[in-house]
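We begin with a single chain expressed as structure tokens, specifically the form predicted on its own.
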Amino acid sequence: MPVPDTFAPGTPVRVRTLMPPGHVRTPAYLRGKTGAVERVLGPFANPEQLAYGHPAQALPLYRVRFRLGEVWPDSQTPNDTIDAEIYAHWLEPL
């Protein structure tokens, strides 16, 4: 999977719609959804590689903010938000 350039806070992003087998950290309900980078958390070892005992590449980790109306269209509070920490290789710029 390609690792995109660093995203700055405020950058709109989409979570990739990948469904790889095995351990992944990205919630399925966020795949394909759009949000904005809230903050950059720094580089951390890729847990998808660590889970299998492989050497892990350090990847940027981001806190991404989503509107509830984007994640769950029938939300009663569509402008409330949910934050998730997502690794760079799961994000694509809009």
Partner chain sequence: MTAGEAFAGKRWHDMGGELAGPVPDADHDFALWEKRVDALVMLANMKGIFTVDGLRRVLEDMGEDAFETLGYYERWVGSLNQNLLEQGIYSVAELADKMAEVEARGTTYGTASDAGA
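Positions refer to the first chain, counted from 1. Everything quoted here is computed from the prediction, not taken from an experiment.
Another form exists, predicted in complex with the partner chain; not displayed. Remarks below refer to it.
*Asks:* Answer yes if any heavy atom of Y29 is within 4.5 Å of a heavy atom of the partner chain in the model of the complex; otherwise answer no.
*Replies:* Result yes; Y29 sits at the interface with the partner chain in the model of the complex.
*Asks:* Looking at the partner-bound form in the model of the complex, is G22 within 4.5 Å of the partner chain by any heavy atom?
*Replies:* G22: yes, in contact with the partner chain in the model of the complex.
*Asks:* Please check if L50 has a heavy atom lying within 4.5 Å of any heavy atom of the partner chain in the model of the complex.
*Replies:* Within the cut-off, so yes.
*Asks:* What are the residues of 58 to 88, in order along the chain, with a heavy atom within 4.5 Å of the partner chain in the model of the complex?
*Replies:* Counting only heavy atoms within 4.5 Å of the partner chain in the model of the complex, the single contacting residue of 58 to 88 is W72.
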